[in-house]
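Consider the single chain below, provided in structure tokens and representing the form predicted alone.
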Amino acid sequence: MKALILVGGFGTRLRPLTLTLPKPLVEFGNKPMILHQIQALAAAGVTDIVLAVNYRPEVMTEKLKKYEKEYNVRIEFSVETEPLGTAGPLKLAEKILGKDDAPFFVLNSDVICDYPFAELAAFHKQHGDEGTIVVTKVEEPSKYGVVVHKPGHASRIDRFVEKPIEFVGNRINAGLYILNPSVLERIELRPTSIEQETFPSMVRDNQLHSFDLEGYWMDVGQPKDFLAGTCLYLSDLSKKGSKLLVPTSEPYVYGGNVMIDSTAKIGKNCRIGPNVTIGKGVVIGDGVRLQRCVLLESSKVRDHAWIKSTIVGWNSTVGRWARLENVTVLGDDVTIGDEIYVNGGSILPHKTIKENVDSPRVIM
């Protein structure tokens, strides 16, 4: 089987982290975001993976070579000279995706969930039509484009309603699809939207179905959603009794759902959790309080710092008695001085912060 991962462009939504690494290589749950998807695709029998990119493919090429051997997949890049939207990249990769009659998966690189690829493929084969999109149920459908089924049919899609004022359903597009190669005939090689052009065309021909996603789902492309998605991911690991989480019997674990790389060092009298991820080589001082945060590789937190709802970038240092909160993001190699308060700051790489950041803003 084959798959196309829509990686896209500059990763502006997750800055300042993407100034250092392309977004798919940023660690989520202590491994690159894209590795979650490669592992799930390989487990479902996918052998050919195409990454649709228009920004810095050379950075990813080197990193992904080892995954080819490890998971026995072939990873190729389809490089756009201009952004082609969400449908154009499929046409650009037509030689690979359309090389045989087998259906192929399409997914957005920002989506994190329990990827149901095997079940999705079986369902798609069962109904026999051209396409299936994974849908997830949301509490406030008025914020999204809602999928509406044909009357009396559990899966065949009748129409899409963008940000409905009245309730028409609560299922939304989850950014995961399986499509027959015949779909490529519906797409032109130009900037085009799969959601606004290709899918409505398939609906008119009664060729598109939905598949309900079980469990958690999040588009983690923005810092606040990256943190929310981390909470969902850690909670899911906890429900499964995963050995990736630190046992709650550890004296510093507070509230559970804590993931710590084996190379990290934790000081005395710390209180960590709930929902914390600590990466390789991270050093935590004494008396540190961490909750709902992500500490990336080789970062340091000095004694008695307090960190909540924050992403601490690689090689960054948080000073003694500092306080970070309200979706603060530190880029690579940022230094926060002792006793500094940062409230929702987005701080670009290689900066030193010596004064309080009292309100959310970008610091360049």
Partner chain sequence: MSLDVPLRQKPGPSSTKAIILVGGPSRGTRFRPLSLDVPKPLFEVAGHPIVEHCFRAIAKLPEIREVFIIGYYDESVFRDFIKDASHTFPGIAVKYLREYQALGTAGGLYHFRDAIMKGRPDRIFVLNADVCCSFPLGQMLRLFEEKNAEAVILGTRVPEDVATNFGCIVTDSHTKRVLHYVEKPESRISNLINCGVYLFDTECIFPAIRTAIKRRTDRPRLVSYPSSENLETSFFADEEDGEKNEVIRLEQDILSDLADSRQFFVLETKDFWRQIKTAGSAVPANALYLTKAFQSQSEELAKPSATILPPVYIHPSATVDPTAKLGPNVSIGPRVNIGPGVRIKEAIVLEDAEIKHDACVLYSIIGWGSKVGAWARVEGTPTPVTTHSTTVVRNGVKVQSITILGKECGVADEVRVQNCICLPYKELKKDVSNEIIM
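Positions refer to the first chain, counted from 1. The model shown is predicted, which means the values in this text are computed figures rather than measured ones.
The same protein also exists as the form predicted together with its partner chain; that form is not shown, yet it is the one meant from here on.
With the partner removed from view, the residue among Lys300, His36, His304, Lys63 that has a non-hydrogen atom within 4.5 Å of its partner chain in the model of the complex turns out to be His304.
Exactly one listed residue, out of Val53, Ala322, Val26, Val50, brings a non-hydrogen atom to within 4.5 Å of its partner chain in the model of the complex: Ala322. Its partner chain is not drawn, but in the model of the complex it has no heavy atom within 4.5 Å of Pro141.
Within 4.5 Å of any heavy atom of its partner chain in the model of the complex lies no heavy atom of Pro164. The closest heavy atom approach of Ile284 to its partner chain in the model of the complex falls outside 4.5 Å. Proximity of Leu21 to its partner chain in the model of the complex falls outside the 4.5 Å heavy atom cutoff. Against its partner chain in the model of the complex, the set Thr277, Val329 and Asp333 makes no contact: no member has a heavy atom within 4.5 Å. Residues of just one listed stretch (287-295, 111-119, 188-196, 82-90) have heavy atoms within 4.5 Å of its partner chain in the model of the complex: 287-295.
Within 4.5 angstroms of its partner chain in the model of the complex, the stretch 341-364 places a non-hydrogen atom from each of Tyr341, Asn356, Asp358, taken in sequence order.
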